[in-house]
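A single chain comes next, written as structure tokens; it is the form predicted alone.
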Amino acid sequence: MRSDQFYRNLMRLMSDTFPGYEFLVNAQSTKRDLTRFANSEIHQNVSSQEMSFTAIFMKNKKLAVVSSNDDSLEGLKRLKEQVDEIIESSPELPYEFKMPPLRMEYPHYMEEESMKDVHPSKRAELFDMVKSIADEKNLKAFGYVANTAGDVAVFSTTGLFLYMSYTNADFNVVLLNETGSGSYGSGVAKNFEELDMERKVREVADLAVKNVPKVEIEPGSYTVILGPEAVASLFMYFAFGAINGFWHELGTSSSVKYLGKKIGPDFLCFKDDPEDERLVKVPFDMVGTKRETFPIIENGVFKNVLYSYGAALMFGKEPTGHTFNLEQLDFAFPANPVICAGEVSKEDLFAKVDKGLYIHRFHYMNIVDPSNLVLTGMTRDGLYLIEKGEIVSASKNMRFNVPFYELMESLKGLSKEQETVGGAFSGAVAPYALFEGFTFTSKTDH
């Protein structure tokens, strides 16, 4: 990590190097240490350290967007030559672009003391725990354990300057049985203790033992329970495909039909929540907009779409704090996604299913119909038969096509229990979910 003073000096250096330009810069440094394991053996310890920045430069109503990992004076001079060439050959913007307004606040120091200078032996201890659980069940373990320390600065010629530093821990693990099938788990947290890795690995091991496909189910509509990994994926594709304000304004998003309408039961809630302690807080976006809890689905109503800074300027809207890519100023995404918990326990949720399926995770998901948000993909790492509230055996995986909004209408329950799973930015918080109508379209070979 650098420091806020380092980035203030970089801001001054860029001001001297780019006279006559307005600019907005995202700069960050990251140190990531990772222990990778396969066949229940550690086979790699790696450490990487990177510094990079992305910047928007403006002159004469023209923009240049560039990225670099060279913050030396000579590197900035070479970058200026590149920016000059881009500006010279670029057309004028079709809309008025202006740099974000002046905004300053105290630095956000969010490092956990226990995550500073983590020795590889700490990650090795966690691997030993994984191996011990795998050996108990005659399973093989694959995956990684990692810790990251980093910082981010956002600054501009308007006087905007914001800084945050952070640490986190994350892992994923695949446990395979003798047939080559198994199960998967992931997690992200502010420190190793909150990662709750042992409990999650034990749950993965129990599923991996049961994942010996003995039957094939037929295509059709089934009552299903989705695990948190699957629920998180489902709502991330909703986020990618339906809540971007730019696509909403162009009329190409399913939000055109469904925004403001009730799409699920009263207990359905999806939000972007930087105040959730289970996630690594992202207090501002990459144009310096303050981030606050932002409801997307509330009481079953599709309430809001997200406006990036670029989309807000284009369409006369207020930016919502979801700009995370200066190279795609029309892109918006929730950095701290939370699918809210329900009111019943996981056990009671399963008890509601006399006969159905448990889906642990999805694979190869895609959007086949953006206007109606029809999602396709496959099950992965476990498609299990439920009888009288209990997982009794495993089936071969299946391919599915599900319209998101129709699926939400069939939502019958969410668990009190939530998991923080790996994913974009800081991970995602998700419960177990019970649906009455989940459509499988075809079988797979495994």
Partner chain sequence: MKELLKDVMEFLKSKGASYADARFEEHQEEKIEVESTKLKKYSYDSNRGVGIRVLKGSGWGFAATDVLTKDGVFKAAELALKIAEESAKRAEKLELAEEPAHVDKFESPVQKDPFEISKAEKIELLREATAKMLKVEGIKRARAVMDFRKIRKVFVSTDGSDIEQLITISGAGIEAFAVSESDFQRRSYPSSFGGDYATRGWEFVQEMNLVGNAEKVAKEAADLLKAPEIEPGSYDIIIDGQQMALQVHESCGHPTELDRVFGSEISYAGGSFLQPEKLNKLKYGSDIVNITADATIPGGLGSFGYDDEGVKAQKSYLVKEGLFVGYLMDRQTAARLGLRSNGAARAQSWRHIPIIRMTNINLLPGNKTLDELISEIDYGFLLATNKSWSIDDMRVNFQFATEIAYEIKAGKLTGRIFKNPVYYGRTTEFWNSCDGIANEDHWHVWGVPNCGKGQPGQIMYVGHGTSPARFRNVKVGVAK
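We call the rigid core the largest set of C-alpha positions that still match within 1.5 Å between the two forms. Numbering follows the first chain given and starts at 1. Keep in mind the model is a prediction, meaning the values are calculated, not measured.
Keep in mind that the form predicted in complex with its partner chain is not shown, yet the notes after this line are about it.
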| item | value |
| --- | --- |
| Options 247-255, 281-289, 344-352, 226-234; stretch whose heavy atom lies within 4.5 Å of its partner chain in the predicted complex | 247-255 |
| Gly316, heavy atom within 4.5 angstroms of its partner chain in the predicted complex | no |
| Heavy atom of Ala27 within 4.5 Å of its partner chain in the predicted complex | no |
| Residue contact check: Leu79 to its partner chain in the predicted complex, 4.5 Å heavy atom | yes |
| Heavy atom of Val65 within 4.5 Å of its partner chain in the predicted complex | yes |
| Partner-contacting position among Glu327, Glu178, Glu136, Glu193 - heavy atom within 4.5 Å of its partner chain in the predicted complex | Glu327 |
| Listed residue that, although its partner chain is not shown, lies within 4.5 Å of it in the predicted complex (heavy atoms), from Glu105, Asp266, Asp128, Glu275 | Asp128 |
| Heavy atom distance at most 4.5 Å to its partner chain in the predicted complex, all of Phe6, Glu112 and Lys416 | no |
| Residues in 137-152 close to its partner chain in the predicted complex, defined by a heavy atom within 4.5 Å, in order | Phe142, Gly143, Tyr144 |
| Rigid core fit then Lys416 CA moved by 2 Å or more between the shown form and the other one | no |
| Threshold 2 Å Cα movement between the shown form and the other one for Glu41, core superposed | yes |
